[in-house]
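Presented as structure tokens, the chain that follows is alone, the form predicted alone.
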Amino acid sequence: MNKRSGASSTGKYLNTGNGLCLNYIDLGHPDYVAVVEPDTAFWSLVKKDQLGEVVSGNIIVDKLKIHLKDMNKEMETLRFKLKPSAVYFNPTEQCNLNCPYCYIPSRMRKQGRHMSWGKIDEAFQILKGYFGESLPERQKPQIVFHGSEPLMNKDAVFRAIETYGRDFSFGVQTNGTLLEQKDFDFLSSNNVMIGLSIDGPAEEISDQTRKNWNNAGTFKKLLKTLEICQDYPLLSVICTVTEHNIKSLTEIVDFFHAHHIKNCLINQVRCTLEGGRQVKPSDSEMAEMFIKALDRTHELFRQTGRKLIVANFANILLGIVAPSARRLMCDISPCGAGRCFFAVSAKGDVFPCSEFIGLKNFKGGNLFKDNLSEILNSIPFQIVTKRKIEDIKPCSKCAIRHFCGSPCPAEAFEINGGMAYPGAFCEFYEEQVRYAFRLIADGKENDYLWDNWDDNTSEVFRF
């Protein structure tokens, strides 16, 4: 007698045997609920009074089965087959600020080293060689000078941009306090993306977290920097949300919009280190105030015709309407750390992500001493790249697991002592997804996304 290789069910019915699993989600919408097939991230909005008709019989099963293979392949590629194409490069360990939530340990920020131009040149030659073999010829890898504060080592950073402009596209993430007009002129003439960190619309709010080692705030200087960079098309601003500014998010949106900022990140504070955990707002308050801020961006768009894209939410929205079009790889499992990008410290140590730089157990090797391909396949990297949603409870049974991804692995590891745990803001992500579906139900999703976001995308299946 031959043993069967699996259950005998033919998969004829939903939610039994080998049948497709469809979950429904209450969106808080007056007319619609969502039904989701979690493994492929397929979804459909259904009128509440038609839900029973849709999930009974074979209305959805027969149509969905035709496209299931293509949707599974797309999700498999997104999750497991992408190659690194970006590097978060720390040209110095030092920072002139002492933000309480920083994920870089204070001893490094205060007393750390700069990477010399000679070492940066050597590092870029190694990276150029690696990407030349791993990426298609026409794909230009990206280097983001990251922190601590990269402009503490300004001369070496600018020399690298000038020397390797044909080989890489560049970005600089800065606290803005060291950026002068001549610096902006150089960066803009070389088409360098600039990210500024601003945590509030006014001095009394922003300066609670963005302050130097003498406890002096930086908001006045940031205003001058913002004026220098205003209307630069490659400018983005990051606001880190803590208990200090959580109630001011709508005012922050007004402030950004008034300064003609087109792209921003309103990021929940990362809780990798204790400093971040001490200023963490609650999930529920984060969700409530964040959604109010999103509503405000839409009001301003309707009033003025100018969009302010909140990129971290836009990424969640893209994860629903076009999973492979998302631009940030934090909100997928496994996340982009070690898969789509990696980080290089000022010592040349290589980590899956900048978030791990203060965690020595996640050092995969050293760029100057070890083979980069072997580093990217090292045990510390594999611990991160093999963290997948199916191994995390309660995420493994969550209908929206591929819209969220249970970020962040560094955060989950430090808070809970292991990778098989959720990150710090589960309810916040849950409410973002419900809000995104409400926007789709009301036909408003394009108002929250970049213009032409759907170029080079195609629709697999519409139900």
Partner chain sequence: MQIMYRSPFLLFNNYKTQKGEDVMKKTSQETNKKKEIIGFRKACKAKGTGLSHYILVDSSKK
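Values in this document were obtained by computation on a predicted structure and should not be read as measured data. Numbering follows the first chain given and starts at 1.
Separately, the form predicted together with its partner chain exists; it is not shown, and the next lines address it.
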For the three residues Asp26, Pro394 and Cys404, which mark the spot I'm curious about, does each lie within 4.5 Å of its partner chain in the model of the complex through at least one heavy atom? no
One stretch from 108-116, 289-297, 325-333, 208-216 that, in the model of the complex, holds residues within 4.5 Å of its partner chain by heavy atom: 325-333
Is there any non-hydrogen atom of Lys444 lying within 4.5 Å of its partner chain in the model of the complex? yes
Under a 4.5 Å heavy atom criterion, is Gly129 part of the interface with its partner chain in the model of the complex? no
Looking at the partner-bound form in the model of the complex, is Asp70 within 4.5 Å of its partner chain by any heavy atom? yes
Are any of the heavy atoms in Ile440 no more than 4.5 Å from a heavy atom of its partner chain in the model of the complex? yes
Contact with its partner chain in the model of the complex, heavy atom within 4.5 Å, among Leu223, Leu234, Ile246, Ile389 goes to Leu234
Exactly one of Ser378, Asn98, Thr385, Asn263 has a non-hydrogen atom within 4.5 Å of its partner chain in the model of the complex; which residue is it? Asn263
Which residues in 39-56 have a heavy atom within 4.5 Å of its partner chain in the model of the complex? Thr40, Ala41, Phe42, Trp43, Ser44, Leu45, Val46, Lys47, Gln50, Val54
